[in-house]
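The data below hold one chain only, encoded as structure tokens and taken in the form predicted on its own.
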Amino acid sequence: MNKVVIDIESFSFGIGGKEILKDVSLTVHEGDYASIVGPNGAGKTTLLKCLSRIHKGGRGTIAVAGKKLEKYSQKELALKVGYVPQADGRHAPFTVREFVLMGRYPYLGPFSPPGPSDTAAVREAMAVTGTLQFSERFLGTLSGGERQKVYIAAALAQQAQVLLLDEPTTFLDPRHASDIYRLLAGINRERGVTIISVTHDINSAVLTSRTILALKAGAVAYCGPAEEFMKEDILQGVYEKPFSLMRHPRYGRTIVAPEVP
């Protein structure tokens, strides 16, 4: 079995006296693809921010590559974990190349210019994500799907072992959402990058992931193989509503059938 890269044990976290995460445990192995699902307010994004240490503190333990999270400097952690935040509609005033180059910050000193290895890493990340053609354009001129690929390119340029993504297809139309899912699956399969993604898209989570963590009111409602998640009693327990299930005609996995209002 591949080595453990993320190990969360009995982790709880609160903000302003309100407990948001309650005794959460999750083990992710090298090369895994894990999706975090659950209703709004379940603590999904908070868990991702704790993993990337945007939120600090909490009870219990989080270890990255066998080392406790609090023992890392921010630069050391960036060599292990890359974070792609949820799109918020704001656009940084940089060209695509400049933005992707920022992903190399763990390797650069405060005043040192990028070297050949940095240039090569940026070009490779942009080639993998199909963003080379946008390299001199400003982020604000791109579509939502194009920008999301650029954000992923910046994380890839970081050359971290683990990629954390917070709802990477939010606000994207079906074609661009499919492009992002295919891109992430390829990065996981072909480059061996471990992926942990927060999503509301249950069907895509089941089709792309090997592991699913479902949170409800900050606690673990399910953690295990993706295919075992798609059972009526489990889904209803997480989302408090009935579901109709069907077999995907191409992939054979159980998915949630569309509902008519």
Partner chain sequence: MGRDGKNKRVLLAVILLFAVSVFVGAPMVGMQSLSIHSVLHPAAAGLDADIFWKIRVPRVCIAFLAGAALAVSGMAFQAVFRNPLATPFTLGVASGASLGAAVYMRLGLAVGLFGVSGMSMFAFGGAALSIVLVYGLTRIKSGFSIGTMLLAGVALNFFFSSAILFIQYMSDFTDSTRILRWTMGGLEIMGYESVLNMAPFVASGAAIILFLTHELNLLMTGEELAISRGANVGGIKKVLFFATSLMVGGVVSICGPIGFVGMMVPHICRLLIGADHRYLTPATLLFGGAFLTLCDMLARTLIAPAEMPVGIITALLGGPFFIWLLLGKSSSKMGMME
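Quick caveat, the model's predicted, so the values are computed rather than measured. Numbering follows the first chain given and starts at 1.
Note that the form predicted together with the partner chain isn't included here; everything after this is about it.
Residue contact with the partner chain in the model of the complex: residue 101 places a heavy atom within 4.5 Å of it. The closest non-hydrogen atom of residue 106 lies within 4.5 Å of the partner chain in the model of the complex. Contact between residue 127 and the partner chain in the model of the complex is not found at the 4.5 Å heavy atom cutoff.
For residue 53, a non-hydrogen atom is located within 4.5 Å of the partner chain in the model of the complex, even though that partner is not displayed. Residues with any non-hydrogen atom within 4.5 angstroms of the partner chain in the model of the complex fall in just one of 196 to 204, 63 to 71, 44 to 52, 228 to 236: 44 to 52.
Residues of 145 to 166 that come within 4.5 Å of the partner chain in the model of the complex, judged by any heavy atom, are 151, 154, 155, 158 in sequence order.
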